[in-house]
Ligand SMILES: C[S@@+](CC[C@H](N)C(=O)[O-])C[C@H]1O[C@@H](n2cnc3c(N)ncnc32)[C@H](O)[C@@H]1O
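Below you'll find only one chain, the form predicted alone, shown as structure tokens.
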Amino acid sequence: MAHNYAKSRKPRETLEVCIEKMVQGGEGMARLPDGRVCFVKGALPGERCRVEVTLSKKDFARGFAVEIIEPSPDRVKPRCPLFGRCGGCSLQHLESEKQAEFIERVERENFRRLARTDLPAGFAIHTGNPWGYRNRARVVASRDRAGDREIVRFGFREQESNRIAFFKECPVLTPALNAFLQGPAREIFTDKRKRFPRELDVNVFDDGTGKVSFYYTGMPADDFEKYAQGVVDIGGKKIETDASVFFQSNLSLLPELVQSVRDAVDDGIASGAASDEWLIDLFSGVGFFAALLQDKFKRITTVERDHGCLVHAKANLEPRGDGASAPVENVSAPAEEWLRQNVVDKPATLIVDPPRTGLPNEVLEALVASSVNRLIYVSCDPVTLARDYAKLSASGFTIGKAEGFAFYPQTPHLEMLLVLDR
């Protein structure tokens, strides 16, 4: 049985290899005849395939599978006709129910290799609906003409290219986003009273009820107030946000992460491993976690450098007016700057949710020197998480809890939660 992955391009060197395992990024790893490691797109562990080499270095090579000679039993036909072109999904060839299992193996190996530690035996990945889950996306609106008519099409950037892969319906977007892009959005972006560029990046967000907000750079202030604002209900708590700032893209699975964070806080306070005196939320965004934990602490500080996020954080953490709300301080500053200038000299619970680059060295150094005794680390990149944990563990932090959250099915991306104590 063979699966053809050939692409219309000038032929390069091809080799037959056996895929040993999956690595970070969802590629298969094989050994070339000369002993070098080769990372192969579109291949799964256990498969024998023919690979076209696209990059050859002294110590490693990269390529993509042009023919699957012996397929894995976990291989399936990708649902989307743009698979392999679109820069979004890269695991649609792997059975949805198997994706978390494969990714778990990758992350366990990452921690052994980068942090010299094993993730707890109970480490598991939370999963949800593998299709129609994505509430938030950045699409490209492309204007063109069909005779005397102007038309707008939407797509994603292609892999390793600035070209656009146009779609009629994306299988991972929510039904509301698909309906918006094929209906109202076409009218909005063909409005002759406004001068849109030929190509425009647009953020779209479904608030979970089917109401869609959107944002693009240069959006007029009046349109921003009319079209970009949104409110998300998480467990009865309304969180204000807008389509210009970061917010989690899988609202159906988000309550499970929220519950895990709340459980970590409750367990820490009940056991004495943490204090309810002070919650510090670094990289706090719109104040999401702090708002959901406001009832558990006597004092709350959020730290965020993005002005748009800070506006929402102040609204999301407004005192209730009943005298029961904890005092809240919303700080506009880089996390490392705030930690350098503020000595955390009393036991505090700290939540960090940094970008993919992880924690800056200055933040790590300040954490080591502080009296923080419980750290809840939410990460969107397990590799930088493992790297940061290696440094934190040297100062006495240990993993009390580890969980994964498959917020992006059909991709190798994983969110992770570590609860660290010392």
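Just so you know, these numbers come straight off a predicted model, no measurement behind them. In this text, residue numbers run from 1 along the sequence as written.
One more form of this protein exists, namely the form predicted in complex with this ligand; it is left out here, but the text below deals with it.
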- Query: Looking at I234, V152, A273, A333, which has any heavy atom no more than 4.5 Å from this ligand in the model of the complex?
  - Reply: A333
- Message: Which residue, R85, R305, R108, K296, is the contact with this ligand in the model of the complex, using a 4.5 Å heavy atom cutoff?
- Response: R305
- Item | Touches this ligand in the model of the complex: Y215 (any heavy atom, 4.5 Å) | no
- Query: Does F189 reach this ligand in the model of the complex if we count a contact as any heavy atom within 4.5 Å?
  - Reply: no
- Query: With the cut-off set at 4.5 Å between non-hydrogen atoms, does F283 touch this ligand in the model of the complex?
  - Reply: yes
- Query: Though only this chain appears here, would P354 touch this ligand in the model of the complex if you measure heavy atom gaps against 4.5 Å?
  - Reply: yes
- Query: So which of 110-118, 88-96, 125-133, 246-254 is the stretch with heavy atoms within 4.5 Å of this ligand in the model of the complex?
  - Reply: 246-254
